[in-house]
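A lone chain, given as structure tokens: the form predicted on its own.
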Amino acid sequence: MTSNRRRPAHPAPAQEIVRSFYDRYGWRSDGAMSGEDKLFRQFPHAHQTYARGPAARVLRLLAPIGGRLLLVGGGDLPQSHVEICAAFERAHCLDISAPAVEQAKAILGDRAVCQVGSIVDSGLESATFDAVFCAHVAYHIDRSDQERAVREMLRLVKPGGRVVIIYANPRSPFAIPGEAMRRLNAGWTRRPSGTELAEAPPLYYYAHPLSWWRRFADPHVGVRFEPWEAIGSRPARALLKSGALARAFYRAAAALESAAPSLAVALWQYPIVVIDKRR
């Protein structure tokens, strides 16, 4: 259940709420798991096999490009991110959280430039990167700044390059209960949308409908979607109570992604947004 803590009369900007969450909780570990692990990475056991498909899909979208990669909000550099970075000659990790940047430095070493900064206003030179990868970051940017952030990614990628963003679909049937709870909570407590666990600090979240992404398409920019993840960790834990049910669900999800990817995009909680900047 969501905490009833009220936000202050003059709330911190979304970026500071997110930075505080990850500095104080998300990337800190109790010796076994980080806050991010506790909140967002505890899936049913059957998810392990299913998860290979979405990870391979993202790698397929990025690995053939090569060259220079901008990793936006790389966090604690999970193995999937490490594999993506390894497919490029050079990586640049940009994150608003200093602990995340330190972890990226420790994992990637001299293979990457690691910088504390925001994609809303990166200060980086235009057309510097061959590809940009941004996973589970854009919906933690203030809703009024998300368009600016995406356009900054497009500014930074070279003509012929690609931006890959893992986003959220607020109209997914799996997302609707959480969206309703966030709206109800905001109405009662006037607190920014956030985590449902009381022991964690608030985490800003806002996802535009997938139709919002059409604004980026023009003769020089192509926008399309691919399915990424059917259901997030918290609804998965709530709905897939038995091992047999979880195995059946994830088998069916993988089959649908293969047979009808457009339908999976419409239904799934998390899509991949693929933006190609044409030459």
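The numbering used is simple: start at 1 and walk along the sequence shown. Not measured: the values here are computed from a predicted model.
Below: the form predicted in complex with a small molecule, not depicted.
The three residues 75, 117 and 140 all sit with a heavy atom within 4.5 Å of the small molecule in the model of the complex. In the model of the complex, the small molecule lies within 4.5 Å of some heavy atom of residue 100.
Of the heavy atoms in residue 136, some are within 4.5 Å of the small molecule in the model of the complex. Taking the partner from the other structure, the small molecule in the model of the complex has no heavy atom within 4.5 Å of any heavy atom of residue 268. Residue 150 falls outside the set of residues with a heavy atom inside 4.5 Å of the small molecule in the model of the complex.
Think of it this way: in the model of the complex, the small molecule has a heavy atom of just one of 91, 94, 132, 168 within 4.5 Å, and the residue is 94. The listed set 45, 41, 60, 214 contains one residue whose heavy atoms approach the small molecule in the model of the complex to within 4.5 Å, identified as 41. With the small molecule omitted here, the record of contacts in the model of the complex names 65-73 of 215-223, 232-240, 245-253, 65-73, defined by a heavy atom within 4.5 Å.
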